[in-house]
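Only one chain is given next, in structure tokens, and it is the form predicted on its own.
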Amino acid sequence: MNDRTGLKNRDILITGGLGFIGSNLAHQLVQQDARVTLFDARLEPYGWNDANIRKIKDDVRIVTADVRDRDMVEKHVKGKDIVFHLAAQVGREISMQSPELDTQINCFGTLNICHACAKHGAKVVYAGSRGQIGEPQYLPVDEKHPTLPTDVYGINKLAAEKYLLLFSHIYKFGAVSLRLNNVYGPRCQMHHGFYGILNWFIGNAMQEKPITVYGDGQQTRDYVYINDVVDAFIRVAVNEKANQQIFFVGSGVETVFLDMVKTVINAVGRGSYVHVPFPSERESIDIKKFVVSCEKLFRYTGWRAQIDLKTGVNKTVEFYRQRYSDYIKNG
């Protein structure tokens, strides 16, 4: 295969490798002839799914282990050229209900990655989050925007990012943080709305369950398709100029929440939505408007999102139609 990125025969570890982003990244890396190890704790209620890697299971190594286990992290970081660090507690509401769990996985787990990479010299590409920003003071949000998270998840993702950049500076290994927006697409879990809400809505529509819209649905978000996100991860992984940098990854398009819901229903061809009041615990951490600028990432790597929302949702719906029983329980 023609190797366009320089990843051929590189040894790569993906934490959270059985999940949504990790498995999609694994598929692309296998196509580029990288040697891929997937490291995943298989925790509920998160998005790991053996079906995610069914087509490449013979082309990757799978390790069932937890990033909170420092010995296992060091064992599997050793000998790797690149670590894509995607393992995380990713539910914002869960982080408020169980802040200790969030801290253990997102902070202590990342510190284990830091120690291992400091010892073995692997480059790390970290999955950060828009949640590190909080309520925007201006739009579009860029990398200079103040960080004032509204929940424990955002605080811990910010702390983890800072740990990585500090350790990489002191111990001289490469580290990049990609602050991701609302990622959607094939291989995302569809069982609950703690994260990956667009995919959850697709699942609701396919099962003809009403989609719940909190408030008037006029909140805005920046939805970015998984293939574009995978492209961003690979570009910064092979770009030395990206080391020790933070980048936002999004479409750069501000989409009204209710318009996203209607796009989902139109793509599925059935479904409905219902307005309900915001639960108090959700409203207190909700962000009203959000969209990012990806100009810095473009300057460094030439990356821009290629898939618009309508196209991406249609592609996602078609994937789940073909793989319905793999992703919708009791379907």
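Note that this is a predicted model, so its numbers are computed, not measured. Residue positions are given as counts along the sequence shown, with the first one as 1.
Although it is not shown, the form predicted in complex with a small molecule is what the next lines describe.
Although the partner is absent from this view, A26 stays clear of the small molecule in the model of the complex, with no non-hydrogen atom inside 4.5 angstroms.
Residue contact with the small molecule in the model of the complex: A88 places a heavy atom within 4.5 Å of it. Contact between G193 and the small molecule in the model of the complex is not found at the 4.5 Å heavy atom cutoff.
Residue contact check for I21: one or more of its heavy atoms lie within 4.5 Å of the small molecule in the model of the complex. The listed set R61, R70, R304, R42 contains one residue whose heavy atoms approach the small molecule in the model of the complex to within 4.5 Å, identified as R42. Between the options L111, I94, I105, I211, the residue in contact with the small molecule in the model of the complex by a heavy atom within 4.5 angstroms is I105. The stretch in contact with the small molecule in the model of the complex, judged by heavy atoms within 4.5 Å, is 153 to 161, chosen from 255 to 263, 76 to 84, 117 to 125, 153 to 161.
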